[in-house]
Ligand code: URA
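First, one chain by itself in structure tokens, the form predicted on its own.
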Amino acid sequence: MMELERLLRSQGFGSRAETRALIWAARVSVAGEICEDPVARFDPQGLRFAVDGVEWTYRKFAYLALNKPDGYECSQRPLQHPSVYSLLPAAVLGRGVQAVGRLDLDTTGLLLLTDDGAFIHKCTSPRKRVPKVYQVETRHAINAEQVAALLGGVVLHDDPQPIAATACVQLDERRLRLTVTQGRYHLVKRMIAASGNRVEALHRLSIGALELPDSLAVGQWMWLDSPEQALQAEG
């Protein structure tokens, strides 16, 4: 059992004083009934409640999928462009969610966010070899030699060890689907450059077995109930 004000704090609705003020102002309801008692106790498991008429479900951890738009920074302190965090509601931000890895300013597609530090570590650990699939649009026409180089391993300027894609499928003259299991800075762009081409557009399709839903519009987010899909690794 959990006191209502503590429950609200855990879900990102503010400090103890702020959540108590919400409750005392009759802005919080549980199971359809207004509750004005901050210390009223409820079983949080699956609990549905509403704040200012907006319904929420209690979640021990927040796991989100966001369809990142072009032109957004994956930073809580953006320098020149809007932040992906500006696309989330205040209560979600109040939980302290973080991006699970980053996408470049001009890269679009699937971005995971969570307040579960252990999940972030597992998803980003090189040992897990979590596959990430991208659709790549190139400046120049793709040839068989470039595909072979990406599959065989290309050498980046800061690492003498070749880095290979685990899958590379040419979709048309200037598009391919590329799978990588590392999370280095600008990795896909640098791999394409090392193969003799250049990225014009980059879109992440999936992480692990978790695919970007077709129904999730650009700039929109959704709760994930089975985030462990993202931890499914190669092999």
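A residue's number is simply how far along the shown sequence it sits, counting from 1. What you see is a predicted model; the values in this text were computed from it and never measured.
We do not show the form predicted together with ligand URA, though everything after this point is about it.
Contact check for residue 189: a heavy atom falls within 4.5 Å of ligand URA in the model of the complex. When ligand URA is considered in the model of the complex, residue 176 lies well away from it, no heavy atom lying within 4.5 Å. Heavy atoms of residue 115 never reach within 4.5 Å of ligand URA in the model of the complex, leaving it off the interface. When ligand URA is considered in the model of the complex, residue 202 lines it closely, a heavy atom lying within 4.5 Å. The chain is drawn here without ligand URA; in the model of the complex, the stretch among 146-154, 77-85, 100-108, 120-128 whose residues come within 4.5 Å of it by any heavy atom is 100-108. Heavy atoms closer than or equal to 4.5 Å to ligand URA in the model of the complex belong, across 131-158, to one residue only: 134.
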